[in-house]
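Below you will find one chain, with nothing else, as structure tokens; this is the form predicted on its own, and questions on how it binds or moves follow later.
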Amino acid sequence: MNSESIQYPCNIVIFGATGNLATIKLLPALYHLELAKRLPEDMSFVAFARREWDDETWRKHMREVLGQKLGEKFDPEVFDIFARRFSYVRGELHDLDAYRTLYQEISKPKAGSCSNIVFYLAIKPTDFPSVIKNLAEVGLNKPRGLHRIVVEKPFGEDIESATLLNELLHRHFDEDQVFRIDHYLGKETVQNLLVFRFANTLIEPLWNRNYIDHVQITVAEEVGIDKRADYYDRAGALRDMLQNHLMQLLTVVAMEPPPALEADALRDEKVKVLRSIRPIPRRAVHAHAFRAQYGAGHIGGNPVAGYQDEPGVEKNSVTETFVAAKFYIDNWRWRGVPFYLRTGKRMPNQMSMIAIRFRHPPQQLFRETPVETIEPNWVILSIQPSESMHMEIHVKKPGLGMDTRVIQLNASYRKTDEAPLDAYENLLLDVIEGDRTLFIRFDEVEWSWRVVDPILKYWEQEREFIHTYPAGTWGLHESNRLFDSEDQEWRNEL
């Protein structure tokens, strides 16, 4: 983006500033932007939360949070500069008077000049409507078309609630003010996938149904639900992860080359993918989706409680913490290629990856040799914990006979002296600069909900039973029923 055209915000208001998201992601990301000198000098931050704190108490809290997270990388001098940007407003999200106090805080004269305000909703999705309405009630959405509002996922609970939320947003904000954030799109590997596909003539000709057998997208988490039972027990893994994170990864894998790396051009191609996904009839949900819930088990050798023993979880809850699903994209590129999506909590490892398995060679060239079967090639894109690409190919074993083995070509996206960039640093900088390329348009949200809605509706009526899997395992063998052939199986390791 041309720096001359950037309209920097003068304030960023963080609603839910003492919550999990702000503590773990937003504050460290903003601190790193301060460290990198990427924050405009006249930018200020307002922390909005319910605790009975003042500015100094909030800054002390920030020092503790960042000190614990950054350890030796914490720089007290940089923190002092960063902390002076903050003020604290105490208030309940439903209390209109608190927004009047916020208005007064934002209206205080400041040195320098800047153009707009960013409202970051780092809160439960059920509280989005209250904040949007109260901002409008006190005039913090005016002048219309100027300020920016960042909405975290999930956007709605189903297609109906997502549409209502979108209508409410558009009543008070224009579409180009709305930043629907999915932090997976800010990860280096996901952006690198675009480069990997479209900048390499070696790859793109093979990226279709003629050569690819199937695609697996896995996001596995070691953690449980932490202290988020009030949200998670209403949402579940399908709403919390698959409908947004995994579906976005699917679109990036499957999309056609856009005419330019511009916000709407990129999102147009992603929407085409979502619109091409084959609808799942109600009678076929069982064959296309599987859910389960973690029970007691061990993570890293330590015992952990089952989901129904977590504080705040309803008794006999059938909320899924693991979901696997199969989708088909009915277009010229992908017809007949299954996309297997899987996500779960209390898995053995914290791991996110995209695994593409290629078809078997068409010619049985080696049938008269000790090589009875040729294992297929794989391309594996690791998103976390490492950001890297792996390619599995066959080579001949050294020796007199004709035998083969699989070798892995490993390539890290980062040189040893290059520090990793957190997705939120990237996305927050885009919000500050007004770049919406890595953010989600509503028709993407709408079509994502259309894809998963049949599964949601079916599961909502099946409230009597849910499979359980021991914490610390990869789920249950029953999820293998989704595979189209016997030689397909989940890829759990790089």
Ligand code: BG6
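Everything numeric in this text was worked out from a predicted model, so none of it was measured. Numbering starts at 1 and runs along the sequence shown.
Another form, the form predicted together with ligand BG6, is not on view; read the next lines as being about it.
Just one of Asp213, Glu387, Glu221, Glu310 comes within 4.5 Å of ligand BG6 in the predicted bound form, counting any heavy atom, and that one is Glu221. When ligand BG6 is considered in the predicted bound form, only one residue from His288, Arg291, His245, Arg357 comes within 4.5 Å through any heavy atom, namely His245. Although the partner is absent here, His298 sits far enough away that none of its heavy atoms falls within 4.5 Å of ligand BG6 in the predicted bound form.
Contact check for Tyr184: a heavy atom falls within 4.5 Å of ligand BG6 in the predicted bound form. Taking non-hydrogen atoms only, Arg180 never approaches ligand BG6 to within 4.5 angstroms in the predicted bound form. In the predicted bound form, Met241 approaches ligand BG6 with a heavy atom inside 4.5 Å.
Only one of 278-286, 123-131, 184-192, 262-270 places residue heavy atoms within 4.5 angstroms of ligand BG6 in the predicted bound form, namely 184-192. In the predicted bound form, ligand BG6 lies within 4.5 angstroms of at least one heavy atom of each of the following residues of 317-350: Lys345, Gln350, in sequence order.
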